[in-house]
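A single chain comes next, written as structure tokens; it is the form predicted on its own.
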Amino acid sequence: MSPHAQAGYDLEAAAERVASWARSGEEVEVYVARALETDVRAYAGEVESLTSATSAGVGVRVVADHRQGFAWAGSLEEAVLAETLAAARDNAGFAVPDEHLALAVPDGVPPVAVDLFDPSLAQVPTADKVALALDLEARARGAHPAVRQVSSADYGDVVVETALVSTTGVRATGRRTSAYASVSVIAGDGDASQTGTGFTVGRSYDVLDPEAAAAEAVERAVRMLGAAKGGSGRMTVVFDRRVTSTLLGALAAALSGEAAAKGRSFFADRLGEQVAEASVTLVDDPTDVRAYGAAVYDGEGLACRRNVLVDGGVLREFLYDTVTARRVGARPNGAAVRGGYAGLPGPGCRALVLSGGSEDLDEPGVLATVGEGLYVQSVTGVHSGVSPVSGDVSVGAEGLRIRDGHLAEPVREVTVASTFQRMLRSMVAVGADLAFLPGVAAGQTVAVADMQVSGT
């Protein structure tokens, strides 16, 4: 392992050093990071794979004469740092001038003290991580007689440290830990079979709940046995919280200030307008420690903050990074995201949450409110069937009919369709089962009226 990837190496000092090499007339931003990851896969009672990897790298942006250059490298060696800055500087010379290009400057918003790091994770023996994956696989395999196979049982964790320094005065450091366990099962009845997945996530090994993950996977597979092709019609659809998280993740793209400015959002030119039911609030809050995407600083080193995007059904704000904000005459709001040291920052959600619900799933909650309809537990085709540009939504789905306020027979091979515009105005119930799941949006049970369901 390179000494520059080890815990004793000072990331902030390295970033400061590279930034100090800036020439007159240049703005330079240096983002450095290192990560330690472990992944275990169990299958048929044995360890199928085990990997542990350490990585480290740097990304450098140079802005000069309204031109931007970027370069990155998967090393923190001194010579590589100098070469990366030189490459970014060279790339800027070939870039097209843009008067809005600039690096972030401190905006006076203080960082919220969000503790995202659990030092105990790095001390967990590898043997314990392997044992958790094997235990998860065994639990799922023996949880129900209908379970024919456990496709996979996985454990994974990551420890990440970052530092960002710029010549415009930004100084930001961060560290976070996360761990997860997931399992996928196949349940069968005669010639029919169904799959189900379950998972558990947290910032430390100790908070993971393999028993709950196994039970979830088995329940989702077993209750779909005997599923028949569904019929067609307009009806109320209840999305389980995983599906809601997925759909909100797609909706998040339409809340980007960059997308709106380029006309690639169905929210474009609608600031201040009623875009949803008066009860609907959409908030992106990376300062909520429960959120999977929680962070102290954004991808440009500004303090993350709670941004209320839709309030009382009215579109109040978009998410901005520095460049996008300059293009539209707004202020950046700590909403820059980036894909590590190899990526450039851009505006995006980290922890989108729909207005909190007050109803349980079971009677007298969401299902009772709906009475008759379709409960959707999984969807397919989101990438191609959901458009943040037009707002169109058309996805494959499977789930269970809702009859007399209760879950009934399983249904497969149906298509559920509407538009985000209509869905935001047609919410009839929101569950109290808020869960922060992997991804950019939290999940909770949501009922939407008058959706088109197409089957046989």
Partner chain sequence: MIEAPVLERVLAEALRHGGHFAEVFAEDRSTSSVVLDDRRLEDLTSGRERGAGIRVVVGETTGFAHTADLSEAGLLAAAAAAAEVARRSGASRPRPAVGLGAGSHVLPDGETPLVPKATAVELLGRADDAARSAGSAVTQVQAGLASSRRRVLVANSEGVLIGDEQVRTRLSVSCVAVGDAGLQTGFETAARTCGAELFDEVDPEELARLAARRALVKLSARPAPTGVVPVVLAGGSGGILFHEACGHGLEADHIAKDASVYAGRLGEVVASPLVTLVDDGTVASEWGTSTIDDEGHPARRNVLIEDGVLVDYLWDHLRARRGQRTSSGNGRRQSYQHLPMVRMTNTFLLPGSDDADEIVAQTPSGVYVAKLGGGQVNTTTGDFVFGTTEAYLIEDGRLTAPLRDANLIGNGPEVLRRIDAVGADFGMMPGTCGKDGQSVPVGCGQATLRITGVTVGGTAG
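Positions refer to the first chain, counted from 1. Note that the structure is predicted; figures quoted are calculated from it, not measured.
Just so you know, the form predicted together with its partner chain exists too; it's not on screen, but the next bit is about it.
Its partner chain in the predicted complex comes within 4.5 Å of a heavy atom belonging to D98. At a distance threshold of 4.5 angstroms between non-hydrogen atoms, R41 is in contact with its partner chain in the predicted complex. Within 4.5 Å of any heavy atom of its partner chain in the predicted complex lies no heavy atom of G169. Taking non-hydrogen atoms only, G272 never approaches its partner chain to within 4.5 angstroms in the predicted complex. Note that among 236 to 244, 275 to 283, 138 to 146, 76 to 84, the stretch whose heavy atoms approach its partner chain to within 4.5 Å in the predicted complex is 76 to 84.
The partner is absent here; in the predicted complex, the one residue of E258, D288, E216, E161 having a heavy atom within 4.5 Å of its partner chain is E258. When contacts are defined as a non-hydrogen atom within 4.5 Å, all of V389, V395 and Q452 contact its partner chain in the predicted complex. With contact defined as any non-hydrogen atom lying within 4.5 angstroms of its partner chain in the predicted complex, the contacting residues in 121 to 138 are T126, A127, given in sequence order.
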